[in-house]
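Read the single chain below, which is given as structure tokens and is the form predicted on its own.
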Amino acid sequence: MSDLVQIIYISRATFEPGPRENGVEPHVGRILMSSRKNNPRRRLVGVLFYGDGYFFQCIEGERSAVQALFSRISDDPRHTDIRVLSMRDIDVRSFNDWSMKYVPAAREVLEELRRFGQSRFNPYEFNEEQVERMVDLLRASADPTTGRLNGPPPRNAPADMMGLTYLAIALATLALAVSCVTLAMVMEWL
């Protein structure tokens, strides 16, 4: 018997959504950065979905690591009304090398909700079939914070691609500032 488990839980955000930074709500972005930093050393993988003020998350790994993480998650004040939808033994991880895959409120999720007669994302109304379909949908969806589908990162790629995005933005901002200063100096010389 494998010591790998999968837990799927839902919760309600306690924060008011802030303006999206690079397509990610700021509180959710901090959760992702922390997960992507800490989960690899605990050999945990998973996916996080946030929409309409609700979280839907699937975490996979060794039983003790999943239980320890879920205990910490349960104490996190950024959400409430935590409900475990499923906890089961698994033979292999579904999310491969994803320390934490993120899927935003994507068009595919909205289409799936309409199929079930729902207009908003509310996982508390999901039945067992909807939970399974949601996990399948998230497994197949792209993560816009890394630009990849589910699968291992490119060889020698850093684990936190979001960090590279922020670095690229910072470098572009610096280059723009240097250009502005240079232009001001040239204008003064003329």
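What you are looking at is a predicted structure, and each value in this text was computed from that prediction instead of being measured. Residue numbers here begin at 1 and follow the sequence given.
There is also a form predicted in complex with a small molecule; it is not shown, and the following applies to it.
Contact test, all of Leu85, Phe121 and Arg133, partner the small molecule in the predicted bound form, heavy atom 4.5 Å
Answer is no for this spot.
Given that the small molecule is not shown alongside this chain, does Asp76 nevertheless sit within 4.5 Å of it in the predicted bound form, heavy atom to heavy atom?
Taking the distances in the predicted bound form, the answer for Asp76 is yes, it comes within 4.5 Å of the small molecule.
Spell out, yes or no, whether the shortest heavy atom distance between Leu69 and the small molecule in the predicted bound form is within 4.5 Å.
Yes, Leu69 is a contact residue.
Mark Leu48 yes when one of its heavy atoms lies within 4.5 Å of a heavy atom of the small molecule in the predicted bound form, and no otherwise.
So Leu48 counts as contacting the small molecule.
With the cut-off set at 4.5 Å between non-hydrogen atoms, does Asn39 touch the small molecule in the predicted bound form?
Result yes; Asn39 sits at the interface with the small molecule in the predicted bound form.
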